[in-house]
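Coming up are structure 1 and structure 2: the same protein chain in two forms, each one given alone as structure tokens.
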Structure 1
């Protein structure tokens, strides 16, 4: 049963550090997502695990056994690129049994396992088709069957849904997770799409500049981000900069430059220190009248965007700050563009962080 342990993993390309002394423990059967902006080192990490790139230092072990410089073909780690890399000149069947044939298994055994896997992904009747004739979803299933046939215990998925249409992606990400789970594999999935990460994973690793900046379940990542960057990357957030000016029955008080005080969630920050507070747009509430008294600010709806299930609002507060709010469309009809509204931040949802070293703006940059 595969369990992956990485210790002090480092990889440099020239002067650029792609992976920076990274420690990571992937549990058996876990569906782990590595989330991060372009250039965070996500793909490099996958390549290190697969043995396609050699690390400069550090060690990867599977089930306690260090892999060292073991060549990829001995690692039982299947790597799936964005386009699944189904061999274009082979049909579905040949693709599926590629691993067993490469290992020189007996023909009988190959036939049995190939058929079993193809039936599992409902592709047996298409076994003579070439990959080009398959739909995106079928290609994905074929690639999974091929990985499983090859006796792979660990599945590495490099943005497996990126090449697909947006709507199709919604269906296939569910299907992908289900198949991986049914097959009992350990999967590491790389993506830059936060919604995909939230919905598909058991656990999310947030990678930035080759380092893990947070690791946790989707709920933890969404509700308890450790930095403004993550707060803004996983879901969108509104931010306020200021200083902590006190604490009151479990809530913090943050005062901005204009002297406005905000009640925030609890924190460990010292009174007087510079801080940033952020709230997800989903939890930013719009109201017709000021019911709460606390953390409520009046403004004008500048723009209203219908997204289907949700409607996004852009509100300009009196002091000129722009606030985004995401409301269920069922209540959105109450507010129109140009309407005067009250914006309310629930204190529990207003999370406080120490002021980022390079300032908020550079912290939130996606590069």
Structure 2
């Protein structure tokens, strides 16, 4: 299984730096997911590995061998791009097995892997159809099957499930990961879907402005984000700005500009330093009565939005702040628009960060 190493990788397009002195080690057989906002450099990074774009500086090596100017066809890389790139004159079957046929595989082996891949993406019954006869989601599934048939050791996936319906997207998450593991491949998977990244990955890296700002397991990225941006990107969060005014029983005390004190999780920040505390919307508790005491604030439900398994609430606190809470829909019936409620933040869930250099609003921007 291939190990990929990138050192000082840089790519510029005019005055824009798409990849900025990036260092990344992808382990043998790892399923790595890249998360990040639009324009972060995710697709550019895949194209550099595939050899479809040349880096300006830095090095990419596979199993210790520098790729240098090696052409794409010699890299043993299968790249599934957002544009699918299917051959319009070929049917689904011929598009799928194009790689094995071009490499001269025996017919029996081609038939086995072709059928296996098309059945996995639920397209075997459409094997005689041309790309122009397929929906966008079907075309994407055909492109995915072709990428998996390519006899590659490295699989690069650029938003591979984005055009699929919700049910199929869920099914293919698990099938795709299992197949990659069974085939002994190393995969790098780009997505905007945080839930997809959390469920499919061995490890996630967060890319912003061409730089890696955090790398970790799904659990680490969700529970121990290193910045407000990551805390908000991987699951929406509420934030409070203020100063650290003390510590007590392992908890921090953050006081906002109105003088309201919040008990937070532990922190290494010095007393007096500016800070931001954040809590996930799904950990933000709504109550009809003030049962919690500490970190509990009164407000009015301004908006209620049903999302299926969950329901989002927008609450305006007495002090004027707007807070969002995400509750399981099974209990959401307890609260309606216009209801008086109490919002509670568990101190252990209120994570503290140093105040961002350019301010919280700039930090949370998705560019």
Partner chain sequence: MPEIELRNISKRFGKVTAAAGINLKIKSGEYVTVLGPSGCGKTTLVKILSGIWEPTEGDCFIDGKKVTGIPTYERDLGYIFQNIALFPHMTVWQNANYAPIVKDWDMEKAEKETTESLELVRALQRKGFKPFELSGGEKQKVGIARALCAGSKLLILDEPLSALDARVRLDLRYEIKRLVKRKGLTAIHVTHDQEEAMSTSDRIVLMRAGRIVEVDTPENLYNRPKNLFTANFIGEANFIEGSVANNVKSAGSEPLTCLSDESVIETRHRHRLVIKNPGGAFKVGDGVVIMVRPENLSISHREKDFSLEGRILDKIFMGSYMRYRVKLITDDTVLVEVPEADDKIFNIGDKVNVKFRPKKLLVYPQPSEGLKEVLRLE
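Definition used throughout: the rigid core is the maximal C-alpha set that superposes within 1.5 Å between two forms. Residue numbers count along the first chain shown, from 1. In this text, all values refer to a predicted model and were calculated from it rather than measured experimentally.
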Chain form predicted in complex with the partner chain, by structure number:
1
Measure from C-alpha superpositions the angle of the smaller rigid part's turn against the larger one between structures 1 and 2 and state it in degrees.
20
Look at the Cα of residue 95 between structures 1 and 2 with the rigid core superposed and state its shift in Å.
2.6
